[in-house]
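The data below hold one chain only, encoded as structure tokens and taken in the form predicted on its own.
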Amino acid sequence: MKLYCLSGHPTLPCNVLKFKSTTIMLDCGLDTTAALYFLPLPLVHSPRLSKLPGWVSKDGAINLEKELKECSGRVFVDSQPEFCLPEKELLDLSTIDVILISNYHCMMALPYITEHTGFTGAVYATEPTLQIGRLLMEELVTFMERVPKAQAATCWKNKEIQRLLPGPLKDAVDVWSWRKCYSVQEVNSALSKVQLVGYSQKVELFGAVQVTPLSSGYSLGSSNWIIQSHYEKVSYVSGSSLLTTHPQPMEQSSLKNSDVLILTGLTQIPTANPDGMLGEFCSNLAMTIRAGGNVLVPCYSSGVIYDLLECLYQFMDSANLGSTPFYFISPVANSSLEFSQIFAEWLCQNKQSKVYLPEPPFPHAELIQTNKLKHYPSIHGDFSSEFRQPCVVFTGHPSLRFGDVVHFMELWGKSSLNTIIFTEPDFSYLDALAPYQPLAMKCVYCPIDTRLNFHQVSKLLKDIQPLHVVCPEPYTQPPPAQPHRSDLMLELQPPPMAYRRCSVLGLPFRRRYERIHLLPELARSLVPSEIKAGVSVATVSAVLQSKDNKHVLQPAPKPTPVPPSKKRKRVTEEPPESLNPKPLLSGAVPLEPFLAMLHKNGITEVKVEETADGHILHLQTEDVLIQLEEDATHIICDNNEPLRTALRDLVLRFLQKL
């Protein structure tokens, strides 16, 4: 059993498991942090960004004015942002049988895998994961296609040139694996391969293994996966949460008795408490609005935004924010808000019960009805005529490199009355803000990540007790910025097996058993013999048939009678006689009763020597050695066949014949 690790990002995993005769991809996360090296794509013409000087090396030897621009003391790539793909060279991706998706954030690279590698397998995901994943992909495509770039920048990726560039561009890794965004056609083609599954639904793969999704408690439809055969069990835990938020709670008991547990997707901010961050978010927002400023919240169009809106719903009246407009701007804003209301069976019990009242499970439905929350596909159109300040704007993309957020950064960045509040933990907020410096607007970092922290995961692993744990390398050491914090790492016995991008791990257990079915007529012919209390054994002569990873013992076919022939047959053509198989022996030869038996049969001079495997008996008068071992008995006797046969018969008296 092998694990191929195609992604170096702990919360955007992509691993391939070879288990029995199947090849299973576990998630295909897309690392969008590469976008931070690129200039923002403004929806409205930006004089500031259009007049940036091109970059030329100090000695003038390298001139990349068309590809690189200097902005706020840094150098950025001036082309459509690119993303870091999972590794494609480590193994042949066309051999993948199935892709299991754990949540909608971990499927964003799916079109790159299914459309460009010869993939012909199936993809399994829950319905909310598929539908919200589709929204996020369509949003990403729209962001890119709304602001097309004429040229693509590739010269700077040359190794000899890249190492001469200023930081952080010269330190960017795997730049040749970066690719532009996919198209809507590729998204539709990729998602047409997805087969929907429900929690605890067992899906059989080629008769070899069974896969089952379990609720992971992180987002709508998010799953952990059990991958098991009759005798082995692998658990894949990715993006799980024990906090009480809007999704169904995490299912833990089914993860018990795992031979191997693959652990990814822990919180990216282990020192930040989500409840504390929500409180800070609300208080900073209220302070800015009271001072007459605007609040910008760069966020994804699904996920934490549901909890933010719910928190604000409860907080608005007490903070006298009742008249402040809230705007949610995304190409998929309307669909996202509606989907959250219709996936009732995937919500926690508290929200499910509201559906039967009937009430909408999320309060943002009421905010929309009362015109406190308005949603728009873009800043163009209705929004520009209805927009009033001060206000709160939720929009994407959290990287600040594309989407409507770029326009608001240019619009509000010069006033210290305004505040930008970062709630998504995926991007360094300092790197995200770099091309907008110098910035007058206040910046607040309130990362809200509800995934498991190290304390929670240690407790979980104690409860479910897997034999072996496999995890990304960063989880096995303290954070580089806090080397003294040993509580921010996994400390287990035995130590976890760590992986990094492009590593191949041999998982530490061997398959020892296989299940075989007997046909009824063969079972009827068996004659069991009890060899000890509760254990019976029977010999069988049969034909083993293996098909689709199912093994069946069938009665041996009877030899077909040869039709009489007029030709005279040679003697060598006579069919061989079918010999009955020799009986099998079981049991042990006890030393003292065997010596007594020898004595009774006239063999009295016996010297006994103890060995590591048993005993050696030297019959001195007869000059014979008998080796008694746990699983074998040897009689060494030269030129005295009658004696050897007599001794053999004495040994057989202590053994059972099957």
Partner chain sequence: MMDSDCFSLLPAVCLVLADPKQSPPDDTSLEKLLDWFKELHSHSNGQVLFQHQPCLLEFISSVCTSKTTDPAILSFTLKLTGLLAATPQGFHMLDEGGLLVYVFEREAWGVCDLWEDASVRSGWLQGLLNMLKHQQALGFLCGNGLIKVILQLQNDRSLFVACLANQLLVHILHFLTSSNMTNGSDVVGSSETSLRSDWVSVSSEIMNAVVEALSSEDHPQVLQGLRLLSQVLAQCGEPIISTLWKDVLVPLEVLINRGSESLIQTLITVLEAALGTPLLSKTEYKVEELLEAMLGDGNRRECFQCAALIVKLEKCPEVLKRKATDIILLPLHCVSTQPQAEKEMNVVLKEQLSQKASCISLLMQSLSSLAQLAHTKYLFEDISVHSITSSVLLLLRMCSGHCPTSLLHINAFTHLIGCCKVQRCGLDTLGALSVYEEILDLRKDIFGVLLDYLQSPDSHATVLKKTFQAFKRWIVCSPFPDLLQFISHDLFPVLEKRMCDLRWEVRDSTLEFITQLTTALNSNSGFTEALHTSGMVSILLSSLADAEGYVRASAVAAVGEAVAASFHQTVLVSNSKLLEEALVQMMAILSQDTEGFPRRAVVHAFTSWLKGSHLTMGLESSLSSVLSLGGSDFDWEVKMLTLELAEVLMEKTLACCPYAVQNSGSSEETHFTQALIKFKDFGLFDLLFNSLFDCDRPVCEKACALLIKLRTLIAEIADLDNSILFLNLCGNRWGDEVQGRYLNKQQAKASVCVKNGATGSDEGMDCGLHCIKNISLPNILQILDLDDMQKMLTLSSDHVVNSPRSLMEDILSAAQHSEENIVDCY
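Positions refer to the first chain, counted from 1. Computed from a prediction, not measured in an experiment: that's the story for all the values here.
Not pictured, yet referred to below: the form predicted together with the partner chain.
### Query
Does the partner chain come within 4.5 Å of any heavy atom of residue 284 in the predicted complex?
Residue-level check for residue 284: yes, a contact with the partner chain.
### Contact test in the predicted complex: residue 277 vs the partner chain, heavy atoms, 4.5 Å
Residue-level check for residue 277: yes, a contact with the partner chain.
### Message
Against the partner chain in the predicted complex, would residue 311 count as a contact residue? Criterion: heavy atoms within 4.5 Å.
### Response
Contact with the partner chain, yes.
### Message
Please determine whether residue 170 contacts the partner chain in the predicted complex, using a 4.5 Å cut-off between heavy atoms.
### Response
Contact check for residue 170: no, nothing within 4.5 Å of the partner chain in the predicted complex.
### Query
Just one of 94, 384, 244, 318 has a heavy atom within 4.5 Å of the partner chain in the predicted complex. Which one?
Selected option: 318.
### Query
Just one of 503, 189, 271, 437 has a heavy atom within 4.5 angstroms of the partner chain in the predicted complex, so which one?
That would be 271.
### Message
Looking at 480-488, 215-223, 466-474, 70-78, which stretch has residues with any non-hydrogen atom within 4.5 Å of the partner chain in the predicted complex?
### Response
Only one stretch qualifies here: 480-488.
### Query
Heavy atom within 4.5 Å of the partner chain in the predicted complex: which residues of 6-31 qualify?
Residues within 4.5 Å: none in this stretch.
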